[in-house]
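First come two forms of one protein chain, each written alone as structure tokens, so that there is a structure 1 and a structure 2.
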Structure 1
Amino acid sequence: MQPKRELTFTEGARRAQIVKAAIETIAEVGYGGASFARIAKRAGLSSPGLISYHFADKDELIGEVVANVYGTGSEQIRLRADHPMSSAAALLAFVEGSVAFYDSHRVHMRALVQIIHGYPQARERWVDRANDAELDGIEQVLTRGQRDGEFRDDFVPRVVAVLIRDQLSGALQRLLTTPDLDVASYTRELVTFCRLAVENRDTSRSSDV
């Protein structure tokens, strides 16, 4: 988890600058188009060689980019399964928070998506773990909701967890594709969608949430 050695202040700043330029470049021209030359130009560096000076190779740079994106979002949208709110509230807050994060970090998210598609190793190296953790969180909330009678008990939690996760994937794609999307109403419908899909219609029980 710790970097191999301490970074000087200058080095840290340069790396951050390069990572930022890499994110923007990848978001704009895709992973394949994001050459060191283009990234260097965007970062205002004199030479692509400077990137190689600060990063061992392209893989390390991309790893840093991914870490940066995940690091930015990790806490803002984490599921609060331990929170004293109802399972439904926790789930819907997660969905809403995720979309809000995607919306406010479109460039970061676009870069991440581009990397996943353009650099297949990225998935197994960095992405899968984060996705699995997210899925686990959703599954736990769903299971708790079923146990408490908030949610229908006729679905398999893991399957529905995957489904919700995929819906967020779909929402992300939309956000990246449709710049002028009415995010508010989209989010409202999405949350309703999820609520209706999982809630227990047995009114005698679902009302006491």
Structure 2
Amino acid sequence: MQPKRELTFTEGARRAQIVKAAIETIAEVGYGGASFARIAKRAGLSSPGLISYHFADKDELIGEVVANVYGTGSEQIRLRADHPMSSAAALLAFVEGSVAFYDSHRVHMRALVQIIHGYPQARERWVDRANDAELDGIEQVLTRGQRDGEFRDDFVPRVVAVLIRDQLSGALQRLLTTPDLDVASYTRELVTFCRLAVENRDTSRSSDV
């Protein structure tokens, strides 16, 4: 098998242009309605055939779209168990940062939701692996917090990681369906909700004395 050659600057720029147009088109008309013709028109391309030059088929393009959405998110929201800040600070910054990213990248997130709903294989092919990696990160921070006494020790980290992930999924759905949502208040209460769910009350009381 021949190694994949590196893209030229021009090719990389054109691919990025197509991916951006695909994200915007899918967000607007859904996965099923996002034809190469529509994407090419939004991208300002003279022919849909120019998309086929850079992407073998719609499958490859959609995979690149999903990778772009998750890649953009991970650049702005990174949850690391080895971060020098406390586990509580790391966890709550992740929750707050996630909602902020959803809010500032609504088109990206709407496109991702449209792909998941419109293409049943998307979860298995691209989405589940990324979500599992995120869950692993949350679990590691929760485990570290329990070990250091920041968090109560009577919960299963993976279960609580899933619950936090579910709360964030709900926040995304709320953002996408409620244009006039008070994002600041919603975020503040969600962060408080997550903090109260995991904090070690004995430690927090003693620190207040």
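Just so you know, these numbers come straight off a predicted model, no measurement behind them. One-based numbering along structure 1's sequence throughout. Rigid core here is just the name for the largest C-alpha set that superposes within 1.5 Å across the two forms.
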item	value
Which of the two shown is the form predicted alone	2
Did Glu11 shift 2 Å or more between structure 1 and structure 2, C-alpha, core superposed	yes
Flag for Ala37, CA shift 2 Å or larger between structure 1 and structure 2 after aligning core	yes
